[in-house]
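Read on for two forms of one protein chain; each stands alone as structure tokens, with the labels structure 1 and structure 2.
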Structure 1
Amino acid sequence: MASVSSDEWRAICDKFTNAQNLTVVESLNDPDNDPFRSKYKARELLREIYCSLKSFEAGEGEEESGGETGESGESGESGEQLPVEAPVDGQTEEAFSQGFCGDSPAGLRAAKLGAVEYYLGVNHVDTEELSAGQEHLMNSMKLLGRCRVSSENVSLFIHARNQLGILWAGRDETETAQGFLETAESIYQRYMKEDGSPPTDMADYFSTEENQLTHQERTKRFELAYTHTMYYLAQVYKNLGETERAAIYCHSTLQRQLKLNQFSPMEWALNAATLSQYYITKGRYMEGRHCLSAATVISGLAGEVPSEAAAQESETESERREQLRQKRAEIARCWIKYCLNILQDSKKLLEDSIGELDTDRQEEMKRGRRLEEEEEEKERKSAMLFGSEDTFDSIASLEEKVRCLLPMDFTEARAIFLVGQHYVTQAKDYFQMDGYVTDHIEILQDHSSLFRSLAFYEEDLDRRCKMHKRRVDMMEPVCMELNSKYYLMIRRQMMFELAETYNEMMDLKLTLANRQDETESLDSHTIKKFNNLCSASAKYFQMFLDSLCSPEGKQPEHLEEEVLRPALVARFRVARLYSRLICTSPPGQVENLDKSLEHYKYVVDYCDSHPEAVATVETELELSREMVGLLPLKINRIKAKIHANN
């Protein structure tokens, strides 16, 4: 190959520098009607470099290397003309034991030609000519296949496989992408184990001696390439359904990005917050909290949100304001899910068969708390923690403000509830009803669920009832305002939740009244309040059922799977509510019981004519059959009394 001091070699280096500048810098300013203008120019320079390298090789008596089609430009320039066949990768052992030495003249020639093929491949992929891009990248792999992995070529080995992994993942050939990326991972790990020295960067192949990268810069670029490998593998494993493996790779990617200081604060923060949701669903609240705390701290590195005045004066500031507010609101929503899930998981462990707090179980779990805290400390020491010298303390400080152990009593639950409520306010500030109806309502529903979860721990029934009243107050106006034509499913959800909430309040009021005066009958004020709550619950269940009817008001003969259980449960609940209304007038009692019987009969008749529905409402169906047998007797007794009195 030509001497690095020759004019010819310097000309090649200049062409490469120009090609890189066209690709990275000039292409950003290409017009919309010619979006790849700079990249096409870069492609021509890369072809010229390839021809020059081949002529040097021929001049030195080397045998022609096969595979390059860049000179003629026939490697799929017209797009997807070439047959797309998934190649196989994975020969890590051979890559380290066979072929030319990386620092030999033949090894260096192969690496330089392979690098040009790599850049041509990326260029074609960038211009949406994927078949041509694939061919160039595979040519790069073939050239590298002549060499053993060494510090002179290991970076190119990994970059080429990363690009092929991306290309095949884009074609939904996930397993093919997996092969390339896992080989890249294996090459990196073995190289670091057996050598570990700062490898030659691909740009150094075409740099004069005075422009060579430092060892520190080489190391950083190499580590960043492997970080990309891990990032792409995380996506591959996610698409393959290997969620735990995907989470591990995502976590490691985020950790490496911080260490290398190669990240966009808001993008990194949103990825960390998203990862937290995986940990939360697995009950791994320490890791979930750590991801969210890191997300909050790192998002702060993006700076303050521009004011409305600044946004009005500058389009750039307006876009920045929008992005910062939206992404921070999305992180806040992830915090809400954290608080809600930890409260709900605790409730599942502590509730008895009727949904009340099991105090014996509570005491048992409290006794085991010290062991949990010791385990948490051990796990924390062995966990993959985020942060740098600048951010680690801030992340740890935020973590201390939020529990990651399941709450055992009202005080602990309330502390988590307040954190969740803080982030509800933050999320609602961006996701407002005007413009974000669905998001706003989902946040309202989460807020309602936070109150419901907290109420479970509250021993004072009056205060518990007030918590449920807060739920009604936040949801009822919104539910009534929604247009069923556009938001039918959301409105149904809210109707059902309001019905259940009123039902819970009714039960609490009755229990409270009975506790206060167990020797006397209920006073008229208590009866009125009880009946109002009972009627409100029945009203919203009926609204839900009416929403299933045709425009003419006809009940559906067949209930769709997604509404089957809710519809039959609503019928059952309405039947139960009518039977519980307190009425001193016998005719009124008969009227309420007739309505109750009608709804019980519907549940029984529907299940009899649709046997597939039985499994969805086994308990409700059993009770409905029982009530269909008992209620007529009760109705007849009341009618007999009315007749006798007349």
Structure 2
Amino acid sequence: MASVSSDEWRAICDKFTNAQNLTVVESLNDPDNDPFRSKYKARELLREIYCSLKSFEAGEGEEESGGETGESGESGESGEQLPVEAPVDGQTEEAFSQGFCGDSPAGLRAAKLGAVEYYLGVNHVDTEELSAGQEHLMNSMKLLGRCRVSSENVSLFIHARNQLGILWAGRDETETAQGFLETAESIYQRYMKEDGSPPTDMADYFSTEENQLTHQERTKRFELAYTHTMYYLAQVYKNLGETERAAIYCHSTLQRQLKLNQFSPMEWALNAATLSQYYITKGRYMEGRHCLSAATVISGLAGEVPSEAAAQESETESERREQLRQKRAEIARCWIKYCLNILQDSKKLLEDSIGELDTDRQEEMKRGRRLEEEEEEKERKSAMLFGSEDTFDSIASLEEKVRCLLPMDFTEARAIFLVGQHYVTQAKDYFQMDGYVTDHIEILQDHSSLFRSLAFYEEDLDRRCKMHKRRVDMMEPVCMELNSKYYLMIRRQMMFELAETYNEMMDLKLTLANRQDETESLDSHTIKKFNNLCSASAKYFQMFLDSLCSPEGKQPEHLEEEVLRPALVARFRVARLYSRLICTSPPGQVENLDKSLEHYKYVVDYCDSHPEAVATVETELELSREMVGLLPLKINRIKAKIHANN
């Protein structure tokens, strides 16, 4: 082979630099009718380099058995599709134990030729000639196959497999892609275990001595290639439906970006916060909390939010302010979901059949929560830690502020609630009503749900009732402010929630009154309160039902699927509310019961004429049928009494 300092060699290096420049820089400016012009030029240069390398070999009389790989690009040009049969990647074991040394002349030559094949392969893939690209990449693999993995060639080993992974994934041959990428993964791991020195980058093969990369730069490029392996594997697993594995690889990708300092703080933080949402929906709160804490800490690395004054002075500051505030508010919203989910999950565990706290179960769960539990978590945790030396402590101290075990009583629940509420304030500070209606309301709804979950643990009914009152207070004005023309869905959700909240308050008031006063009758003050809550609940259910009407105010004959159950349930609930209104005058009672009957009848009639609705409201329908049978009797009895009294 030509000596590294010869002119011939220099010419090759120049050509290579040129080809790289064409591929990366020039190609961006190619015209529409000739979009691959620069890449085709680069391809020519690479081919020339290939030939030169070959001729060096010939000149030096070293017989090379790889000659038959030759010019393989031709087949691609003809536009013919090669038979697509999935190749199987060689074993990692062989790659480490067989073939000639990476730093032997033969090994170096193979690596160089392999690199050119690699670049030719990428070039063909980029220009949509997959079959030719595949062939070049496979040639590259074949050449390397004769060598043992070493610092001289390991980078190429990884790169070529990454590319083949992408290529096969693009053909919907996901398993084949998986094979290549997993081999890359194990080669990396074994190399790092057995050698670990900064490996030669492929660009180094074709640069003159003075332009060689530093060790640091070599490591950086090599590690980045492997980060991509992780990232591609995450996608491959996702496409294979292996969500959990995909999440692990996303996690590793994030971990590596952080460790190798290859990340932009805000982007990273947002990704980590998003990953937390995967964990919390799987009930893995320790992982979720770790992601969120890291997200908060790393987002802090992006610097202080510029002041309003600074933002007014310059456009860039204003944009930065906007970006930082928005993304931090997004992270806060992910925290809210963490708190909400953990509260709701424990509620699900602890509630009895009527949605009240099951104290026996609570005791049992508390006893069952062993000390070792947290120890176990620590072990699990070491595998997924984020952080560098300087961020590690801040992440850990943030984690300590909120527990990741399901809360078992009011005190524990309240601690989580308060953290959630803290983030609600933070998120609302950016997502204000004016400008961010949908976001603002989503946050309000979460806040309301936080209260609702906390109320579950509250034993004092009066205080519980006050919590529900807070929910009403935050939603009622907003619901009325919204224009239904643009926010119909959101308004419907809010109306429904308001109706249910009033209903809950009404029930609580009644229980309270009955507890305080064991005697039969309620005092007039309580009756008035009860009736007010009852009417308010009915009012919002009715508003919801009215929102389904046509612009002319006509009830829809056919309820659409997405509102079918809510509409029928609302009818049923209104019916019940009317029958519960406390009224001392018999004619008033009759009036309320008539209304009640009317709504029960609607549910029954609708289900009779729309059999497809039956399945969605089975319980409600059964009760409605019963009431339609019973209420007329009751009404008649009262009517008879009125008649008798007259």
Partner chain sequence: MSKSKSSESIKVVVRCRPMNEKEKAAKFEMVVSVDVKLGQIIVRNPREAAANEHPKVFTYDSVYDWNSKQIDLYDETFRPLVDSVLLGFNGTIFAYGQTGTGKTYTMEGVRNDPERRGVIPNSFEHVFTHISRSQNQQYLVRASYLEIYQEEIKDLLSKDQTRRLELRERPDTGVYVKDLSSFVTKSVREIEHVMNVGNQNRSVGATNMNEHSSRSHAIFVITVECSELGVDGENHIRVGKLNLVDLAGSERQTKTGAQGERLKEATKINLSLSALGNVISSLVDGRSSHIPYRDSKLTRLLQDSLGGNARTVMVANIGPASYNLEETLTTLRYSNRAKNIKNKPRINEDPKDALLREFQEEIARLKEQLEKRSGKKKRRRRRRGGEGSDGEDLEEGETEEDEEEGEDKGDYWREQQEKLERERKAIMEDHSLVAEEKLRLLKEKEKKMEDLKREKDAGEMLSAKVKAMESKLLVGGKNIVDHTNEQQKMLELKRQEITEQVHHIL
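C-alpha atoms forming the largest set that superposes within 1.5 Å between two forms make up the rigid core. Here, residue number means position along structure 1's sequence, counting from 1. Every value quoted in this text rests on a predicted model; they were computed, and no experiment measured them.
Problem - Displayed copy of the chain that is the form predicted together with the partner chain - result: The chain shown as structure 2 is the form predicted together with the partner chain.
Problem - Identical rigid-part label for I336 and H440 between structure 1 and structure 2 - result: Segmentation between structure 1 and structure 2 puts H440 in the same part as I336.
Problem - Rotation (degrees) of the smaller of two rigid parts between structure 1 and structure 2, from C-alpha fits - result: Relative rotation between the rigid parts: 26 degrees.
Practice task
Quote the shift of the Cα of F206 between structure 1 and structure 2 to one decimal place in Å, the two forms being superposed on the rigid core.
Solution key: With the rigid core fitted, the alpha carbon of F206 is displaced 4.1 Å between structure 1 and structure 2.
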